[in-house]
Ligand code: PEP
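Coming up is one lone chain in structure tokens, specifically the form predicted on its own.
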Amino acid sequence: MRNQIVAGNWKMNNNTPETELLLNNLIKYKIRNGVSVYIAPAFTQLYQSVIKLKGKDIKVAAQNVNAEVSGAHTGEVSCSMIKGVGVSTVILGHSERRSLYSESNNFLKEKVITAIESGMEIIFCFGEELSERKENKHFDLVKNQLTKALFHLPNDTWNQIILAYEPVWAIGTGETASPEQAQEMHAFVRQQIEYKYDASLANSVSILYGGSVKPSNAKEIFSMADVDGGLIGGASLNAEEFIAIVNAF
């Protein structure tokens, strides 16, 4: 059975006292059995979050990592640095990294290779812009994103991969892909993995949906056969809303 997962991407929000407050609020709640929960604070709050959540049912992920092991890369952070503060999961390929910082599929492939070799778990994001969906190019685009960045990996490394489909037109816009649209793409992705590898692997990979998930729509989205949870943005900054989504399965 695939893992049910909800991950909160805090993006560039929450300084030290704000992080302390949110974490204090989060740990007050009971998390539904069988759901893996992650939060992804800024680099500066990773260690604080790891210490605060020690022994709790919430894991900490980083929002990004550099493809290089070390060197002259001012302002960047390596896998070993992230692991050094107790974090072993990283989000890669988020639409904001792709659009705002020009991270290409080939560039992400290098990050994936480094993270896998470093023994890190990856939440890998992919998805189409509104124009690409309107032009009915969304399936080809997603296939290309996965093929170039991930399909070089051997079978035995896929236990380090969590996928996250995020239609860019539904991120922070209040628009949400319908449950049927989410299911259609998740099923397509699983089919592509089966074509490249095999059915057993395809059926073992957790695929999350990300894009304006709220307590009011989470249950319906998570009820789809190939949707295994969510990558949550804005709602993850509110403890009550985030836990309501976590418990929506």
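Numbering starts at 1 and runs along the sequence shown. It should be emphasised that the depicted structure is a prediction, and the values quoted were computed from it without experimental measurement.
Same protein, other form: the form predicted together with phosphoenolpyruvate, not shown, and the subject of what follows.
- Using a 4.5 angstroms threshold between heavy atoms, residue 177 stays clear of phosphoenolpyruvate in the predicted bound form.
- A residue is said to contact a partner when one of its heavy atoms sits within 4.5 Å of a partner heavy atom; residue 231 meets this definition for phosphoenolpyruvate in the predicted bound form.
- Not displayed here, phosphoenolpyruvate is approached by residue 210 to within 4.5 Å at the level of heavy atoms in the predicted bound form.
- Interface membership of residue 116, defined by any non-hydrogen atom within 4.5 Å of phosphoenolpyruvate in the predicted bound form, is ruled out.
- Checking 170, 120, 142, 161 for any heavy atom within 4.5 Å of phosphoenolpyruvate in the predicted bound form turns up a single hit: 170.
- Remark: of stretches 33-41, 210-218, 61-69, 48-56, the one touching phosphoenolpyruvate in the predicted bound form is 210-218 (heavy atom within 4.5 Å).
- Contact annotation for 83-105: residues with any non-hydrogen atom within 4.5 angstroms of phosphoenolpyruvate in the predicted bound form are 94, 96, listed in sequence order.
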